[in-house]
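Have a look below at one chain only, the form predicted on its own, in structure tokens format.
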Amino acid sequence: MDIEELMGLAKRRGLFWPSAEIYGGASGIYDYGDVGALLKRRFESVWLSYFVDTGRDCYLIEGSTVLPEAPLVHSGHASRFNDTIVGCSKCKTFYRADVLLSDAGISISEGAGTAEMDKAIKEHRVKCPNCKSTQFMPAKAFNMMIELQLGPEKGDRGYLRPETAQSAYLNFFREFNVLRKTLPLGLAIIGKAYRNEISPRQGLFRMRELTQAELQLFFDPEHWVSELGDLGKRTVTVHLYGKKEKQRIALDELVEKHKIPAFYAWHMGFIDAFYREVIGVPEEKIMFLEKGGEEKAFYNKIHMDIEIDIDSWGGFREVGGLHYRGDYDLTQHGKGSKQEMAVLVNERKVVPHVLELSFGVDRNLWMLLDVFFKKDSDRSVLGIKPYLAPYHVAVFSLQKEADLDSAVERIYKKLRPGFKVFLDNSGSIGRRYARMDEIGTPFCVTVDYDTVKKGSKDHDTVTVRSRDDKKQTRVKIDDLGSFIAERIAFNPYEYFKFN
């Protein structure tokens, strides 16, 4: 699918659409509908089970989305959280400089400065998309944080948080003491972040309000994962900085030949298993892209983007990141707050280092639709894993008749406590199957005349139709719950075999 097709599906099936749509919408801000909100919760729940619940000493916290100014000054966001923008001299429309150049077919390095942007715009005679002028004002840095005024007219300045990570760093010292003063310590957050994007685009790719799922791992750099064990044999696709081509390589070789720390390689395998085994992304569609030089965030010692091949976005695009941030964050907040961030570990004072596992929830939802929505000659199917499906099961009656409707209601009430159930008695059975296929519902239950006919060999049974193979199975109503439960269950420990 292209972007327009995917957006059409999202609107038609209750996934997402621009916020304030009845007023024309708002760029980079989206509302999730009834199906989209459930799909989002499913992804977040599976992410939490896999990355946090399986981990030793990993905990979920929730930080405020509003922060005072001081922490963001010392974190570097006040001075460095910038995009380069350029304005048309004629119509005064502003653009992200790299997007303007990219849309004109001109490639430029991710870390390019304002002078390089100006030079490229001038040499290629780039036109303003709005008025077609080739005259632009000098490029300049634009801070993407969204400012707030806290209190009355002369109150303190605050900001909507630009990333969830800062909440983990600001709460580390408190949590370290609450949780018995041990390292490593993982603090996870699933929540909103806000960025004043100049050029929101490509659906959920670049947004002004976004949801992040992040795990910040605080550790003693002298005592953590030092050997990969059996995980070292796992191969991943990685495009190392300075190399012309991506390569398929064993984690052991990354450590031995390319000097990637064992703890970092371990988590590359952990993330790769999440996407390939838990989510079901094909091996050839996921890779790690290492960034260096001007493209690497200044605070990172190692910076790899997690990229997935997304057709509607034109190829491999970032959906997450694995970042070794060193002790930058705690050191900076220690200086700014005058709070001692060094902790006592094994009779040594240590400022913990941080390994960040960061995922864009909205981007990953778009990825699920792009990668798993398939069309064939007779139907369209969102073939996601059953435990990711917004609705676990749909219940239909073959015809709208009192006896059948009564049985449907009985089954609906029986299943609701343990499953998300959709009732649909509108249209033909074929149309109802098609609607459920498009939103990924793994099972459809149909009540027919044999279900309610006493004396029939199929009395008190229903037809259960499987989404993936269209196979229909006759199941006793009393066995429906266990039949569905064992087929949609998610046990993260089945996939987490690296302890």
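This is a predicted model, so every value here is computed, not measured. For every residue, the number given is its place in the sequence shown, counted from 1.
One more form of this protein exists, namely the form predicted together with a small molecule; it is left out here, but the text below deals with it.
- Proximity to the small molecule in the predicted bound form, defined as a heavy atom within 4.5 Å, holds among 299, 270, 316, 176 only for 299.
- Though the small molecule is absent from this view, in the predicted bound form it lies within 4.5 Å of a heavy atom of just one residue from 368, 388, 204, 408, which is 204.
- Contact annotation: residue 210 falls within 4.5 Å of the small molecule in the predicted bound form, judged by heavy atom distances.
- For residue 308, no non-hydrogen atom is located within 4.5 Å of the small molecule in the predicted bound form, even though that partner is not displayed.
- Under a 4.5 angstroms non-hydrogen atom cutoff, the small molecule in the predicted bound form lacks residue 186 among its neighbouring residues.
- Contact between residue 352 and the small molecule in the predicted bound form is not found at the 4.5 Å heavy atom cutoff.
- Here the chain stands by itself, but in the predicted bound form one stretch of 245-253, 162-170, 410-418, 334-342, 162-170, has heavy atoms within 4.5 Å of the small molecule.
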